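Next up: just one chain, as structure tokens, the form predicted alone.
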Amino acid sequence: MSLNKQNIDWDQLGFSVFPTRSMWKATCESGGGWSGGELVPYGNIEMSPAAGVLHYGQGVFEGLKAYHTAKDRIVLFRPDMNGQRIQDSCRRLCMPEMTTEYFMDAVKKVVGDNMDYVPPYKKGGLYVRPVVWGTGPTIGVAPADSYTFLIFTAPVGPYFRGGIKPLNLIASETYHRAAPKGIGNVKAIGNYSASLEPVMKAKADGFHEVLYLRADDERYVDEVGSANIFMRKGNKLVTPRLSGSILPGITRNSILHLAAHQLGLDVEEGDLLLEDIFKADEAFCAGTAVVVTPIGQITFQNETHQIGDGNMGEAATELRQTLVGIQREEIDDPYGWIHPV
């Protein structure tokens, strides 16, 4: 690919905001449909101080990455699933739904216009952040009358700096991530504001992240703060079943598929007991940002439990290699997950 990259120190990239050339912007009235939209220069936006999102949190977002692959082209990984999820999220928060085709077209246009910000092969990815929110002014508790759809990008390196290291988690008895029958199963902006205090306190105490327990029965786990969780015992791989409090992660879905079809594991989506994780052969979390990252130990009620031998397990290792290999086009993609830009 004949592409002059931006003059960026790619090796020093973390997971943070990095202004690029342009972003996608579209607007829609309540009851209308998403159409049109355009690329605009990357920059600040203006909105009413009474915008619905500022007062009642009527907003959702997505997260995906574009990669420069071994085949010397720029690709997206399963953007159709992000398109379906943002549609579901918009529906739940009473916002106009967009088609998957409209979403994917907008994403490809943004990535195409900022292609020189995509890190070189094996140097990271271009993080793509689509956001939809209620722009129309409102004081009463009600859906806004107009909406904005924005997509911006940022070149990123690893979510956890210093290479893949087993995570040190604390299982929280003080906080819940989401309530059953609530909005934990969509990417609503309010879900993440609730996680800020728990993770700040966890990091101050020397932990990497929080492992949340189910609100209706704290014997079971829900999610890690920024990712879905998996546990392997023997040939069985278990992850919490999708419910009103579990986010249907794209990486989660991919891991379940690869574990069953590539590794031959017995995959189960069910109720995952915290005490079973303590006795697991390995545990790991999975998400767009963390990819596949092992869990080395979990502290609960002031007692620390090492998971397996405390290192990255064999299933996590193979699943990560396979997933990243497909994303980078180092190995064949038999599932149609890769979408060239």
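Every value quoted in this text rests on a predicted model; they were computed, and no experiment measured them. Counting begins at 1, following the sequence as shown.
If you look for the form predicted in complex with a small molecule, you will not find it shown, but the lines that follow are about it.
Student: Tell me, yes or no, whether residue 227 is in contact with the small molecule in the predicted complex, where a contact means a heavy atom of each within 4.5 Å.
Tutor: Within the cut-off, so yes.
Student: Would you please decide whether residue 90 lies within 4.5 angstroms of the small molecule in the predicted complex, comparing each non-hydrogen atom pair?
Tutor: Outside the cut-off, so no.
Student: Hey, in the predicted complex, is residue 251 touching the small molecule, heavy atoms inside 4.5 Å?
Tutor: Close contact exists here: in the predicted complex, residue 251 approaches the small molecule to within 4.5 Å, heavy atoms only.
Student: May I ask you to check whether residue 208 falls inside a 4.5 Å heavy atom distance of the small molecule in the predicted complex?
Tutor: No, residue 208 sits far enough from the small molecule in the predicted complex that none of its heavy atoms falls within 4.5 Å.
Student: What is the one choice in 37, 287, 294, 308 with a heavy atom within 4.5 Å of the small molecule in the predicted complex?
Tutor: Of the candidates 37, 287, 294, 308, 287 is the one lying within 4.5 Å of the small molecule in the predicted complex.
Student: Name the residue from 199, 258, 247, 215 that puts a heavy atom within 4.5 Å of the small molecule in the predicted complex.
Tutor: So the residue touching the small molecule in the predicted complex, by this definition, is 247.
Student: Among 231 to 239, 143 to 151, 262 to 270, 217 to 225, which stretch has residues whose heavy atoms lie within 4.5 Å of the small molecule in the predicted complex?
Tutor: Heavy-atom contact with the partner occurs in 217 to 225.
Student: Taking the small molecule in the predicted complex, would 85, 177 and 192 all count as contacting it (heavy atom within 4.5 Å)?
Tutor: Judged in the predicted complex, 85, 177 and 192 all sit within 4.5 Å of the small molecule.
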